[in-house]
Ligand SMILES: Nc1ncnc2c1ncn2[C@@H]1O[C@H](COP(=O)(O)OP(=O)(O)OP(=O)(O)O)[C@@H](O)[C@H]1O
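As structure tokens, one chain now follows by itself in the form predicted on its own.
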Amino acid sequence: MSDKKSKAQILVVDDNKITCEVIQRNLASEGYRVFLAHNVEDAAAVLSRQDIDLLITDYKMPRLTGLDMIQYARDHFQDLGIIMLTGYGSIKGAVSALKQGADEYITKPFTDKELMDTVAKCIKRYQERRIDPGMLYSDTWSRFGIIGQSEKMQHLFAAIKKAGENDATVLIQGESGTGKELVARAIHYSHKTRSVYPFIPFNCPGVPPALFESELFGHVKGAFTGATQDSKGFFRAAENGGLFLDEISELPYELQGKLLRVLQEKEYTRVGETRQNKADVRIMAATNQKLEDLVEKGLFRQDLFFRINVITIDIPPLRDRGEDILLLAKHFIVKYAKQLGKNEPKLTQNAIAALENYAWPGNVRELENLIHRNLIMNDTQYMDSAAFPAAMKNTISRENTVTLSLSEMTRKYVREVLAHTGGNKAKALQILKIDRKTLLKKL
């Protein structure tokens, strides 16, 4: 949809005709096309003949309720956005609605701003549901093998492109799990000539110091005990291509000088051999630590730091990548559902909130493991935060709240606590440290 407000079609279901008309008037003033229904049967008829983007349904209705409406919609229209309307005394019903497949709920009475903001959020989510993440970002995915649309990732893609245009050494910095090797591969395969030659990763801390020279530069037969045959080493394996030195900050100090000499002279000698070998290799190094700090502490050679730090690329942590979190989650859901032969579960609103608000200390690797584990253990059609680790349920929202008034912020926080406790007011009162009368007043 190029213009969501002029094209989005919304169905409002409420047995109260006045409520329906008020919502219709407000939404129509923003350019949405609105259809009305006063019961589930009429709503089902509208859904069958109209291409509805968003369903707004009341919770309490005679005979068939809002929960029945949600169940019908989810059974027949998988890509439909759903908002539940509920009175302040029906928080438990709202939580049930979220678990059953609603995207959002609004507590009556609500302001025009609350309605419009929630509708806009759901319409955006609806648009994203209809697009395969791999297709949406096919350009960056096909060029770099990396998914991302956030502003910080666009800066990263630009840096990868620049680094791929030359042979300068590259230092890739980022927390564990951010995808430093993916970035190194992207740089290598962006190079116009080296991309046809091997990309070889070398895990610096994974090699015992006694074997470092042998592994990196190779050795000849009989050079030391156990050397029963020649070994070409990683530099030779990466000839004309790229050598990725992962976690270079973990390289013992006494070995850093040997690596420096090779980078300076562009030559190396195999263990047990005197002949020099040319090192026509593009070097990329990665670290999850600040090398400047290690240099100051005397743990990392300054000359080696200068040698590898010609181009520096910083990978943003997942918690700073905004919309990329859900994009990646959907990507991993598609990936592992296909791998496991399962249907792709839908994320509940609670799951989405948990994913967006969590700090992700393990970054993309942690997110991938979480999705993989849940798909293995979960056989339902929804993925809910109830199955997430406890730490994810107790994180503070990353949403920017500085533009909210104090009353709006209070209302938002109270609702989040109630959602967290599953509508249990007694538990909510313990967390909020207020009495029941005050809670009802704030609601």
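These numbers come from a predicted model, not from an experiment. All residue numbers are counted from 1 along the displayed sequence.
What comes next is about the form predicted in complex with the named molecule, which does not appear here.
- This chain lacks the partner; the member of G179, G242, G81, G218 within 4.5 angstroms of the named molecule in the predicted complex by a non-hydrogen atom is G179.
- The contact residue chosen from F305, F234, F199, F332 relative to the named molecule in the predicted complex is F332, the criterion being a non-hydrogen atom within 4.5 angstroms.
- Within 4.5 Å of the named molecule in the predicted complex, a heavy atom is found for not a single one of L47, R74 and S96.
- Proximity of E368 to the named molecule in the predicted complex: non-hydrogen atoms within 4.5 Å are present.
- A residue is said to contact a partner when one of its heavy atoms sits within 4.5 Å of a partner heavy atom; E175 meets this definition for the named molecule in the predicted complex.
- At least one heavy atom of V364 is located within 4.5 Å of the named molecule in the predicted complex.
- Of the heavy atoms in N350, none are within 4.5 Å of the named molecule in the predicted complex.
- In plain terms, the part of the chain that comes close to the named molecule in the predicted complex, with a heavy atom within 4.5 Å, is 146-154 out of 146-154, 110-118, 210-218, 186-194.
- Annotation for 282-314: the only interface residue with the named molecule in the predicted complex is N288 [heavy atom within 4.5 Å].
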